[in-house]
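Take a look at this single chain, the form predicted alone, given in structure tokens.
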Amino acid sequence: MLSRARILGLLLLPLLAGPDARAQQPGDLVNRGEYLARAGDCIACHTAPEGRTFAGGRAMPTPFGTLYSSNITPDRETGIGKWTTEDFYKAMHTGRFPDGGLMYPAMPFASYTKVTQADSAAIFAYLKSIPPVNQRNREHDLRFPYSNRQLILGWRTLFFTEGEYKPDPSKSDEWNRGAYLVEGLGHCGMCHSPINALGGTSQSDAFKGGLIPMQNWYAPSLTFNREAGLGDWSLKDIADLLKTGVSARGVVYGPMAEVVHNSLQYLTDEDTNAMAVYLKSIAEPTTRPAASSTALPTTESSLLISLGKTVYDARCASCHGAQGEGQPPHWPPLANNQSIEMESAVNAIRMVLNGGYPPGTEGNPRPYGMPPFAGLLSDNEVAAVVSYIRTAWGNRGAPVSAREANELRSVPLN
């Protein structure tokens, strides 16, 4: 973990580094690389549960089979100890191994290609400084024909554009810093963009939200205000959410809680504010969704909502308020909450079933959590209370079914 003094020192080292970055002392380069590796959340994929840091082996289920992350410690036999700075930049920038072999795009090289060569060199210097771990990479377990790496050439043609981030001269330095972090190192589009049947995302759909494959969490659109709604948030609320996991407008759970815990909480205030500036700028103007239409008969719909209100009053109102007003920042409001109204109800159903905690961060060291109700509520009751929350107090989400609740009972909790 970086000390406050170290982080303050890093403010003098801009992420969009110029040629003078090569003149830094080795210690400064390593410390800066550690900061950038945090920004890139490298630890999330390259460290298995209960495993050694950066030694790889973490299973990453996909619709095509299971991939296993690689060892990026400086072990010369099983890690990247024989790589050069140029080899590492090639991997980040082009998605190819030093021998020219193709990397699977679970490694977010489509985002990391935007990382400057100076920043790539700093990250590599940091990785070379950590303890080596002798642990061989595990073979991927992919179904045919996806086990044929040559097919990645087709994927690259459709979905990969190589090139470092180029600042937009019409925008402020702060906006460009935020764009560099969000689009590049932060690789936010990996989750917050829809993924098609080929495992890719078109540029026109960037940041428009999507279901995270095999995890069954929905990453909301960062552009469409019916979902994340960031266009209506203050810069402080966005920055607080990124930095601490909680704000006056919302709380992060699921995969995003892991991102905040491992990565975003360690960024400087200047960098989280820059990300907030960029994220707010790409959000569309707010438009309230049309009133939900449902195929349920009127009587059935009324019974569903009535049951939902009963469950809500008994199980939820003590924290979230009788009128869904919440008690921010610990218990988020549910009324007029865009994340409740999203077309996908996956997150709301999973929270009722499994509960969860926002991340423990310096800004929120004792997070308030939500208990799981999977063992207390039937599928009908889960569907009813989620339907009630999505339609009460002026919310305009659509009701959900007991079948949807049942399908999410057995999915992994990550």
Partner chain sequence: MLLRVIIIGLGLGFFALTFPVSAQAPGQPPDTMAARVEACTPCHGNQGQGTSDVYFPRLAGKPAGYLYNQLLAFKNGRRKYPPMNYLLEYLGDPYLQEMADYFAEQRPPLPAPAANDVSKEVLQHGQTLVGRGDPARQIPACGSCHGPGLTGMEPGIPGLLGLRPNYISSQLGAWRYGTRTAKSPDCMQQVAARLTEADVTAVAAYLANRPAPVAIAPAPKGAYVLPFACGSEPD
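Just so we're clear, the structure is a prediction, and the values are computed from it rather than from any experiment. Residue numbers count along the first chain shown, from 1.
Beyond the structure shown, there is the form predicted in complex with its partner chain, which is absent from this document and is the topic of what follows.
Non-hydrogen atoms within 4.5 angstroms of its partner chain in the predicted complex: do H330, P358 and M370 all have one? Yes.
Of the listed stretches (46 to 54, 29 to 37, 384 to 392, 66 to 74), which one has a non-hydrogen atom within 4.5 Å of its partner chain in the predicted complex? Selected stretch: 46 to 54.
Non-hydrogen atom contact G254 with its partner chain in the predicted complex at 4.5 angstroms: Looking in the predicted complex, residue contacts with its partner chain include G254, since a heavy atom lies within 4.5 Å.
Can you work out whether M103 and its partner chain are in contact in the predicted complex, taking contact to mean some heavy atom pair no more than 4.5 Å apart? Answer no; every heavy atom of M103 is more than 4.5 Å from its partner chain in the predicted complex.
Would L376 show up as a contact with its partner chain in the predicted complex if we use heavy atoms at 4.5 Å? Yes, L376 lies within 4.5 Å of its partner chain in the predicted complex.
According to a 4.5 angstroms non-hydrogen atom cut-off, is E258 in contact with its partner chain in the predicted complex? E258: yes, in contact with its partner chain in the predicted complex.
Considering non-hydrogen atoms and a 4.5 Å limit, which listed residue (W83, W217, Y146, W155) is close to its partner chain in the predicted complex? By the 4.5 Å heavy-atom cutoff, the listed residue in contact is W217.
Contact residue in the predicted complex, chosen from V277, C319, I130, A335 - any heavy atom within 4.5 Å of its partner chain: When its partner chain is considered in the predicted complex, the option within 4.5 Å is C319.
Heavy atom within 4.5 Å of its partner chain in the predicted complex: which residues of 340 to 355 qualify? Counting only heavy atoms within 4.5 Å of its partner chain in the predicted complex, the contacting residues of 340 to 355 are M351, N354, G355.
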